[in-house]
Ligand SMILES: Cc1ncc(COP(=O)(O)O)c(C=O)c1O
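Before any questions on binding or motion, here is one chain by itself as structure tokens, the form predicted alone.
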């Protein structure tokens, strides 16, 4: 069973959805399938009741939407970098020919908000700021509320947010946190196979995107967002993935994946209960780590609720991973330069608290061995 930071374990019911007979993507059946998504995507992005934001789905990876987000903004970009994926975003911006300023924090840390403000004030103006809400490589959370507070003083700078390992595991609150473009793959806390991505754009992002030249075709954010809203995808979509996403969104909103005591919850309350479950699994994982004299890489207040990145300490990481594998579990080694110096537990998606206890017992035995 996968307990890595993604892809995550997928329920058999969702895999069955992907085995449905093929349909034409220019048929009423495809229109109906897209319409199944629309009532639930606002819950995932935490849109306010009267939000004017535009959630959409595109048949690409999260990295595709990372690039698409930059296509829709002007040339001057401030990238907050504190891990592998925030670094990737900065590199993509550079390869697109953007004028990129990087504000870097050590892996496992978050850029100080006063440094963010100073950079915006003294090196700006910038057309957009990028940050990763939950940096999967380090298990580090950059609180969107903190970014929002800083950005209130810089209203002309668009806020682009990678929510890959946060969405469906933590509140995004797109409008309240002043986000202009957010995106994610579905292989993390959505607990689906990789292959499609979800995005959400503010009105002002779309308006500015329409003014950008040379947006290309496949990753043009205006094209795929407007195509979704018209139920006419600009390209042949990954239809089996749409079926799985539709079913998962409906199940989350109906409380199907919640602990028995919470399965009566519906809509926003069911999504909040899902977030609460992730928080409890995070707390239990931290408690387990401390019981073995192990520490998280990030500070507790900056720890992701979906991915715990744990310093190896006295643990031989390859032996731990091999030990839990004998019990049928898969853990993640550290990412990149953190390999063998950390290990990662992806306690997200449709995993249960009982399942987490099984994993931790297996890890106990592996450590004893």
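No experiment lies behind these values; they were computed from the predicted model shown. Positions refer to the first chain, counted from 1.
Omitted from view is the form predicted in complex with the ligand, to which the following refers.
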Single option in 85, 271, 154, 243 placed near the ligand in the model of the complex, where near means a heavy atom within 4.5 Å: 85
Just give me the single entry in 310, 44, 324, 66 that has a non-hydrogen atom within 4.5 angstroms of the ligand in the model of the complex. 66
Is the ligand in the model of the complex near all of 61, 162 and 187, within 4.5 Å of a heavy atom of each? yes
Location of the ligand contact in the model of the complex, chosen stretch of 187-195, 232-240, 286-294, 200-208 [non-hydrogen atom, 4.5 Å]: 187-195
Tell me, yes or no, whether residue 132 is in contact with the ligand in the model of the complex, where a contact means a heavy atom of each within 4.5 Å. yes
Are any of the heavy atoms in residue 136 no more than 4.5 Å from a heavy atom of the ligand in the model of the complex? yes
